[in-house]
Every structure is written in C-alpha cells, then in structure tokens.
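Just one chain follows, in the form predicted on its own, and it is written as structure tokens.
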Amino acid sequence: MSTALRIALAASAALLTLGVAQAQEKTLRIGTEGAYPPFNNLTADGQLVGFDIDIAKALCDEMKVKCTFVAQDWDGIIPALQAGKFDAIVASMSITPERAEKVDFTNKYYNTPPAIAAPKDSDIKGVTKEDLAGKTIGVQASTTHFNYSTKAYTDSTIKPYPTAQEYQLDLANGRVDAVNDDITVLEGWLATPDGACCKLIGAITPDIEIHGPGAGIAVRKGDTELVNQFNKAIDAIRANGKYKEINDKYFKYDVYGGES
C-alpha cells in the first residue's frame, strides 16, 4: 500500500471517528419555566427540579444526547423557542390547536385534569359556573386554565397572574376567592404549609378544545426528526419502567392518563 493511500485512509478514519464523537456529544437545549412545582421549579441554589426536568433527562438519556436546561418566563417561552434560545420546551405545555400553529408537538407525556381550590372556610360547593358566580378566580395567564376560566366562568371575575406562586399567595391572603389550575399542582401546594389555608373543591371535566389531549414537548415548526425522536423515547421510557419510576417519585397515581 502506498504512503499516500495510507495517509488518505488514516485521514478518513479520523474524520469518521470525529463524526461519531460529535454525534455522541450532541447537546439538546431544553426550555422550561421553573415556576410550576411539582412539574418544574427553580430552587434557591439555582437548580431546576421537578417531574418535567426528570422526564426530560430520561428522554435525553434514551436518545443518547446531552441535555442542558434554560429557565424562561412562561409568556415568552414560545417566542424564545422560535428565536433559537433552546431546541425544545418541556414545561407542562398543553397541546392545543392555537399553539400548534406556532410549534410542533410530540405525543403527550402526561394528562391530568384541571381543578378548583378555595380557602377552607369558603362557601363554594362545586366547580360549575353557578358555583363560582360572583367570585374572583385567580389563574396563571397565557395558560389553558386561563382560557377555560374566561370561557366557562362568565359570571365571575377572572384575575390573571404571571406565575402559579403569585395566585397561591393571593388566595392564602384572601385577595381572590378561588383558583384554577392543574389538579396535581393544586394538590401539591395544598400539602405544603403555605397551602394549609385552603382546600380542593373538585376536578373540572376537561374541555378538549381548550385543554387539549395532554401536555406535550414543543419544538420549532418543521423539526419532524426531533419530534419523532422524542416520541420514540417517550414510548421507550413508558415500556422500560423509567417513566413509572419518575412518576412514583412525585405522584400517587399514573399522571400519563388513558392511552391515546
């Protein structure tokens, strides 16, 4: 074999090795809110924790990519994805037709119903329009829960908040009569000392046109390859027990919901 051929073959092998290494070192940037426990929350020391975070890490492991996380205010999370600040959103984002005009979604990775909570001494008896007539309802802005509240509770005053923590504080201090959010978020808060003021009134039957089929992972429009990779990984962690391990760390029941 000529020296020139040996050099060419060595160079080709080096390039192949570099390409494999680069593929193995691919980094996926995940955007999340960091203000929606128990799904995602930013700790005092700056760590992102929660169900969304653990699920994202498990999916990245399954996809054999490194993942990093970026905390982003909820109102700006889709524009930040579109601008390339991160590659995907894992932040309990409900799959809705309105959002699907701006981003592409994976299949759901969980689906839990909305609910109403109120102070323990509240006279609210249920979750219907009539039950909440004349009441002020706190709810996080730019969410399916806000959209539902404005549509369903037309005899109530709907007060939007930037984060869940802010409406929780106002409910505890008597500045709103009730709040609307995901049942797991409300149950998690009610189980803490800060939530000892209040009680769960009941679950709301989801409106599929507003709430959608569940929470999915959002990616930029047209990134079909990434959607397919995530969907395959979601199926894999459901099958291999990793999803259940994470689920049971946070919840007493399967938050995935019925098969769909």
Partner chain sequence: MSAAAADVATKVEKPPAIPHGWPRQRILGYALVCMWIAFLAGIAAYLIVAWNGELFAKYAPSYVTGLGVTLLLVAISIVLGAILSVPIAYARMSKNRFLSGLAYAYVYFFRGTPLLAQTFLVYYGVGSFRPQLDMIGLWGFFREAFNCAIFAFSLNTAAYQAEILRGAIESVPRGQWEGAASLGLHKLQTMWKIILPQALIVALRPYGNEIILMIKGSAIVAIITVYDLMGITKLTYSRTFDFQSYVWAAIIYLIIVETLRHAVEWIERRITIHLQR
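These figures come from a predicted structure and were not determined experimentally. Positions refer to the first chain, counted from 1.
The same protein also has a form predicted in complex with the partner chain, omitted here; what follows describes it.
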Exercise for the section: Look up in the predicted bound form whether A71 has a non-hydrogen atom within 4.5 angstroms of the partner chain, and give yes or no. Expected result: no
Exercise for the section: Report whether the minimum heavy atom distance between K125 and the partner chain in the predicted bound form is within 4.5 Å. Expected result: no
Problem - G84, heavy atom within 4.5 angstroms of the partner chain in the predicted bound form - result: no
Exercise for the section: Please check if P160 has a heavy atom lying within 4.5 Å of any heavy atom of the partner chain in the predicted bound form. Expected result: yes
Exercise for the section: Choose from 125-133, 183-191, 161-169, 107-115 the stretch whose residues reach within 4.5 Å of the partner chain in the predicted bound form, heavy atoms counted. Expected result: 161-169
Exercise for the section: May I ask whether K57, G202 and K242 each come within 4.5 Å of the partner chain in the predicted bound form, counting any non-hydrogen atom? Expected result: no
Handout entry: Within 224-255, the residues that have a heavy atom no more than 4.5 Å from the partner chain in the predicted bound form
Key = none
